[in-house]
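The chain below stands alone, shown as structure tokens; this is the form predicted on its own.
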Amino acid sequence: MKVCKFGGSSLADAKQLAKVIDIVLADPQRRIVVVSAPGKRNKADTKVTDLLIALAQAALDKKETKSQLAAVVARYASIAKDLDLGGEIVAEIERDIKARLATSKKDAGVFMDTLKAAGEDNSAKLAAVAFAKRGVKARYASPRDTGMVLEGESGNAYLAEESYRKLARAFADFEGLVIYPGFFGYRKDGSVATFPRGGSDITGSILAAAVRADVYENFTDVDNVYPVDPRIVPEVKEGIDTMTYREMRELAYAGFGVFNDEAVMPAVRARVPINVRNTNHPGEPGTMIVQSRRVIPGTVTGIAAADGFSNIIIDKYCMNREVGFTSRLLEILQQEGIAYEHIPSGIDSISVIIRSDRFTKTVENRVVARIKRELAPDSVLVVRDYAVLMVVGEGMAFSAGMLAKATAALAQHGINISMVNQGASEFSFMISIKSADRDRAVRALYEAYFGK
């Protein structure tokens, strides 16, 4: 059995949804179909999720919502009209969104998640009707009814461990096709919670793990995973045929937008292969992501880059002799709700790399004040606008000179390195640079490792 997920670009309009139906029906092993909210129809268009965020914000700000509501409903109505699905499904979608608008706004995060989830939820309902129109036995399945239980903060929720058992039981004896909305689930108190953006990938991986699928197919708008972002290096033409889970996880973490990095773990735990494929070119085999593969020593699989990082740099003489210094520092960050990404350190200094989106100026001032008061450092410096480069490849393990090649390439292009961090397994390393140098750095590394 296969679980297949289709991204927003695959569901942007009626023509794309028709392709999805053709792809699913071409293989009887495709039994569970996870859908995203309709994405952009063109570069100037707006994703349905973004329309819903604007609608929710207008409601929270007690502004007029009629026009925003109409814009959302119009996207679904256009698809329904072009596929001749009738008006009832559109009326049902409008009623659903209006009902969500009428829910409590006491917790702004929950309210926002409730509206955002309408994108995937109604996309699944619409897709189920479209499949039925083609004479297929297909049903919409609700995350609430099937046991998709989430925990954690709004917009950044995670799966409760009990969900795997509940989901497995819910799908034990199902018949026909199941159309399942991605991106969200429900807390134990009944409130809606969403995964981070791109969370439909996570939903698909969770379901594939729960039902022990033979393959998890992730359909998107590229033929396969490329070793570098084609928007930065347009000359890249050859994709990656096979890569490992941990290679994909590291690359997705640092900006490989083709797949959500948190979606790898459920598949890893259940050892379900992931196949990244293109909705627009379904005949292409795509990229397989597996537990292990044969490698060529001294080779790199991919290069990724992400900006939006900050660095807290702390200096204190004889820090290495002060027992518990790092744990007390991390306790401060934990109490402030800040997750760290990397912690490189020296004898008398330590750096903490964090994502900037949750590290506002107000939070920064509070954290710095606590560090000064509780840890008595010689100095504390916060530097923003960092980018993280990841160079990843199973073939790099125990191969001499891999990091040297990167540092030499960056030096040749006049790009200063702020920090280097290599994992113990030696299959990847991370380099921190200023965000302004990100694209130049990616091109330099691509030339160094993949240049002819």
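Fair warning: this is a prediction, and the values are worked out from it, not measured in the lab. In this text, residue numbers run from 1 along the sequence as written.
Omitted here: the form predicted in complex with a small molecule. The next part is about that form.
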The small molecule in the predicted complex has a heavy atom of only one listed residue within 4.5 Å, and of R134, H281, R197, H342 that residue is R197
Using a 4.5 Å heavy atom cut-off, which residue among F183, Y216, F219, Y76 comes into contact with the small molecule in the predicted complex? F183
Look at the stretches 382-390, 22-30, 410-418, 46-54 and give the one with heavy atoms within 4.5 Å of the small molecule in the predicted complex. 46-54
At 4.5 Å between heavy atoms, is E120 in contact with the small molecule in the predicted complex? yes
